[in-house]
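There is one chain below, alone, in structure tokens, taken in the form predicted on its own.
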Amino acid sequence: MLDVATGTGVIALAALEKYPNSTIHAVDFSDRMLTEAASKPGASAIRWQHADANDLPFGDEFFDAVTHGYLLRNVDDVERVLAEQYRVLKRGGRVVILETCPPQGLLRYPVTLGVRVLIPLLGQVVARDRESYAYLQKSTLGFMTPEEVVAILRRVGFASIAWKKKFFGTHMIISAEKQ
């Protein structure tokens, strides 16, 4: 399995716990994040590596599964990043994506207000870092809808695509298969 933009390694470590006999590679662009992730309990069983999501350092059809959380909202070319994941995924393999999405429906206005006002305020009070939390607001409310991500997945070749929204419609989980 490959976890792209692993950050603190939460997804990679959870996958290792669920599938203890698997080989898990976790990559990130930030060496600082990799150092933090590699210091966690159980992390020595994971292969941590610096890598750019636009140009993964693995051969074609190398992995059975690819995961990533909150990667797409932070890249310039979503289609290129997903095509690169398609390339390294074996036929029949799955990609699973956790990402933010703009809220819709009845909860759209209260959730939008909370994301615009409460999250930056909490960032200021708790972390003394309003700017980082203001970025979360912009990337959540301004990112693609699940339908837009699904359309890109189809364009790069993925099939059997499914998605669901979570956390009051502000997050999406999308899975797809390489045919």
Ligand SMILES: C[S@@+](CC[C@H](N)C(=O)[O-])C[C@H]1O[C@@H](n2cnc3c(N)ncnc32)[C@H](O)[C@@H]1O
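All values reported here derive from a predicted model rather than from experimental measurement. One-based numbering along the sequence shown.
Unshown form predicted together with the named molecule; subsequent notes refer to it.
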Subject >> 4.5 Å heavy atom contact with the named molecule in the predicted bound form for all of T6, V10 and V75 >> reply: yes
Original post:
Does the 4.5 Å heavy atom contact test between F58 and the named molecule in the predicted bound form come out positive?
Top reply: no
**OP:** Considering only heavy atoms, tell me if I46 and the named molecule come within 4.5 Å of each other in the predicted bound form.
**Re:** no
**OP:** Find out whether any non-hydrogen atom of S30 is located within 4.5 angstroms of the named molecule in the predicted bound form, and reply yes or no.
**Re:** yes
**OP:** Flag Y70 as yes or no: does it have a non-hydrogen atom within 4.5 angstroms of any non-hydrogen atom of the named molecule in the predicted bound form?
**Re:** yes
